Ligand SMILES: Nc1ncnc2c1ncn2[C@@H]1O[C@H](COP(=O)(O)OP(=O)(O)OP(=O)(O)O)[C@@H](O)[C@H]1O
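Form predicted alone, single chain, as structure tokens, below.
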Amino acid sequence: MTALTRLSLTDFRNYASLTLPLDGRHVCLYGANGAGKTNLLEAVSQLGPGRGLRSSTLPDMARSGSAGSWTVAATLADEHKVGVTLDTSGGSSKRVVRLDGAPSTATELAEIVRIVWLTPNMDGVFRGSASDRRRFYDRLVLAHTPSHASASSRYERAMRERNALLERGHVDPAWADAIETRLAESGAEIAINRAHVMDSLQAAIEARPEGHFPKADISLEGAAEQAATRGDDFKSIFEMLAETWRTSRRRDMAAGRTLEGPHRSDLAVIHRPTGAPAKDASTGQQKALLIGLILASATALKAERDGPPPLLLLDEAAAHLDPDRRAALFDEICALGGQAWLTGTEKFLFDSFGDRAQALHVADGTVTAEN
């Protein structure tokens, strides 16, 4: 199963040095606000693709007063040893990945460790902007398809170039064609990735039992994503995007930016029990719906890879649930068969886990095992 049996930190956030032996069970971290519980989840999130649970820059995660570098290392239940270090030599900040003692890449590491997380910042995603929902969904896509990060980076670079061209007020057609070709290539890849994960996620939603976390009907609002959902191939989506940008240059020039494309797409979520858009659901319904989507994503990853489920990182997820929903959440987590890391201010929040979890008390950069 996907589980950590050891976690070591050096100069990461408020931890000067920490070695945490684990027994493979779920990990429940409890303690006062500001003690460093979320920092531990963020450290684990560095073992996956992307910028981590807080989307922080690499230097921001270094301990105050340290030399500026940090290391997160872990041993997995299958004996793989993984590590991520911030290398600040040469005046730059670089993420260095090691797998079983040898240099590796973030993509190779992502094939071994897949991570899905839920944080309090996500609670308002349904009432937020389209960009909030897009970022939330792309994080799920990244867990399924690590190369999504590279496609997104290439798309953003090409879009910045196109926008810079538009702002000049005069567009050289040959130059614009070259930029838009690169933009369409990465845009088509993004759309196909999103559509593929959408199919997997909806299938996992249908497979989940009815219960305390309601099912959702989800869809993507965006021309490229809808084409990918219909089954259009890469070439067709590429050509559609390239034509869209070629014919919209004058309008985009007036606006000073690119008005259409995967960077404007949205995630539509329907609360199935009521048939209402998620944005119109109550705060409690939205929280339950969000947890259901995260559990469905973990289920989809397990089914998609025909292997172990991902690590689940749930920051303060249990705090606002009633006892019955907490117990239901813990039962579903255990049914997945992997390892979950959860945080809360009080130990009693995790009582329903019983002996299925390891409770750790966090206080001022120290972690103490309670059972």
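Just so you know, these numbers come straight off a predicted model, no measurement behind them. Numbering starts at 1 and follows the sequence shown.
Below, we turn to the form predicted in complex with the ligand, even though it does not appear here.
Checking 10, 352, 358, 14 for any heavy atom within 4.5 Å of the ligand in the model of the complex turns up a single hit: 14. Distance criterion of 4.5 Å from any heavy atom to the ligand in the model of the complex singles out 34 from the list 68, 337, 34, 323. Although the partner is absent here, residue 328 sits far enough away that none of its heavy atoms falls within 4.5 Å of the ligand in the model of the complex.
Of the heavy atoms in residue 345, some are within 4.5 Å of the ligand in the model of the complex. A residue is said to contact a partner when one of its heavy atoms sits within 4.5 Å of a partner heavy atom; residue 318 fails this definition for the ligand in the model of the complex, lying far away.
Of the heavy atoms in residue 54, some are within 4.5 Å of the ligand in the model of the complex.
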